[in-house]
Ligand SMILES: Nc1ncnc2c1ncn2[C@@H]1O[C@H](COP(=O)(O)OP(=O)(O)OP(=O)(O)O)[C@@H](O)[C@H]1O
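Heads up, the chain below is alone and in the form predicted on its own; it's given as structure tokens.
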Amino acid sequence: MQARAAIACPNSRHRTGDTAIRVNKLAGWLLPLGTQGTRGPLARIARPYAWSGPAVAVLGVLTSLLEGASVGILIPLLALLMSDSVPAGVPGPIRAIAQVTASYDVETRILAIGAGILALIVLKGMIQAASAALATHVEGRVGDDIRKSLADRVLAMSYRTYLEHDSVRFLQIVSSDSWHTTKVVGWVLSMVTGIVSLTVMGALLVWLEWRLFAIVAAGGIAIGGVLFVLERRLGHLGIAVTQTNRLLAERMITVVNAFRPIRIFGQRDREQARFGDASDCVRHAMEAVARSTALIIPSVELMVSAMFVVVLLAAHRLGISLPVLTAFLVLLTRAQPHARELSTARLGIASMRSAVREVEWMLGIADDSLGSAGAGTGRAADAANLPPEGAPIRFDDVTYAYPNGSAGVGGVSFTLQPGVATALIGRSGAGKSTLVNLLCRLIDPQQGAILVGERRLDTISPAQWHTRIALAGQDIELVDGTVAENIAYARASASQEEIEGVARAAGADAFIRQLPQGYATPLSLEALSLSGGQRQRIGLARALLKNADLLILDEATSAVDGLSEQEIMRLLAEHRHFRTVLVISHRRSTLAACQNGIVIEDGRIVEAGPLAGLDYYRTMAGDTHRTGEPVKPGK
């Protein structure tokens, strides 16, 4: 309900810098893109293609000159058909053409001048096609760069930034707004063509008869005023389109991701109604844009028709010859498609301004500040400065609160001893996931410090720290690719033998071999038919393949059966494929393989020490074994 209400259906160095600024500004003028000027993120993307603006302009000039010439030579053709003399007032070049053809008979005149007109039209069409192909090429390249830049922003943004914003907004920008922004590139080039063509044709009209052109110029100003009003209205309507599309995307994601609960709880009709309302909002917004856009053609045509009548009356009173008037009107008629192209481009850009701003916002998100921390000497040097493997990991009075104000953890202190399996226990929402995010350097403490040996974790770049850790859990998704590719996601150079070895260790080899193509089975679709336990075991195999110093199992056995869990617990007890392990689980049987335990409650550590001596562990509800009998508390 809130979402629906929100959318309301001077040294040399300095001189070099100054030159660069001037070049950037020039590039921004040659191919303007975005709403933030020449230093905006979209302007930077478009800058390498700034040459296309002048190129399209030159082709537009040539096209307009050829079109004007083909129209212009109609004058001697018409004049010589009407009489053997050329009327006074005809421009010099046209008079010269008429004099050359005056000695021929009528049929020869028609063939010669007609062939000249056809040749000019063919040449104009070839240049016009080249201009369109160039515009399409540039539009595609800029669009490709925009989408790649958006993907880079998503991959480079901090986890905190990800939490601060709605993921649906990111999806909407990448899947929809980016394409609308790309379309703006084509419209910008269309504007260049339209402006140049109208300028050339205007000059030709002035050359033919400047007095009639004055009338046309006045009418053009009036039409421009109408378009300005429509631009402003479409700009506001474009915001509504962006917002309603985002709402529709939210509803679609809910329908897809909540497939089971919608049916189990009988909410199909409710979700259908909510999706229908969101779809109606999009329809109304798009119809409003269409209605405003539909006003363009009749409004412009009405004003153009009135302008033609005024031109005819003025020509009669000024005594302008019929051939000159005819050529003027034909040329004016040929200028109309360019004027329509210009007006359509202006209104299209106005309607997409909201989508452009969304793309600019996402491109403006800063890189992950954690990504550069501690990397001042480069990746190789940073790797050499990593603490030795097997160093203890100590939380020293660590505090972190989330962007929405909710508490994560406060004043947390504990130590993960090397070579020890440690259980992290607590109710849902107690702060376990926050501790995992801190350990993985997805976020950094706001107070306190995490020490690896004697070195602060926040002085180690995440890229290097991630070479030391591995994570498996119920929320770690599989990726598009085969089973083998999913397992090798942790180490692309792994051999097939290594992949199968960790699959056996995770209790996954047997069921993988029963899949249609074994380890070569694609999981993009097949993953939908895998059980939760099977998916978790593939994820665990992926984590084991890394041979990490620290393995984090975040509810990594919540969906596996008892037999598979016994295999995994045996793996934990033998410490294969890792040195130290942190186990997060609500299953007492899973935690039984751990030596130490840490109990967290409301973001604070309330117990820590040998697992068997923790009160919370001793009173945990038991799991059901294959015999069906629960494990009694304390066992």
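Here the structure is a predicted model, which means the values were calculated and not measured. Counting begins at 1, following the sequence as shown.
This protein has a second form, the form predicted together with the ligand, left out of what is shown; the following refers to that one.
For the options K148, R427, H316, R232, the one in contact with the ligand in the predicted bound form, meaning a heavy atom within 4.5 Å, is R427. Exactly one listed residue, out of S433, S321, T459, S158, brings a non-hydrogen atom to within 4.5 Å of the ligand in the predicted bound form: S433. Though the partner is left out of this view, S493 does not reach within 4.5 Å of the ligand in the predicted bound form, counting heavy atoms only.
The ligand in the predicted bound form comes within 4.5 Å of no heavy atom belonging to I239. I127 falls outside the set of residues with a heavy atom inside 4.5 Å of the ligand in the predicted bound form. Within 4.5 Å of any heavy atom of the ligand in the predicted bound form lies no heavy atom of Q272. Within 4.5 Å of the ligand in the predicted bound form, a heavy atom is found for all three of Y402, E555 and H586. Per the 4.5 Å heavy atom criterion, the ligand in the predicted bound form is contacted by stretch 407 to 415, the sole one of 118 to 126, 407 to 415, 352 to 360, 331 to 339.
Residues of 111 to 127 are not found to place any heavy atom within 4.5 Å of the ligand in the predicted bound form.
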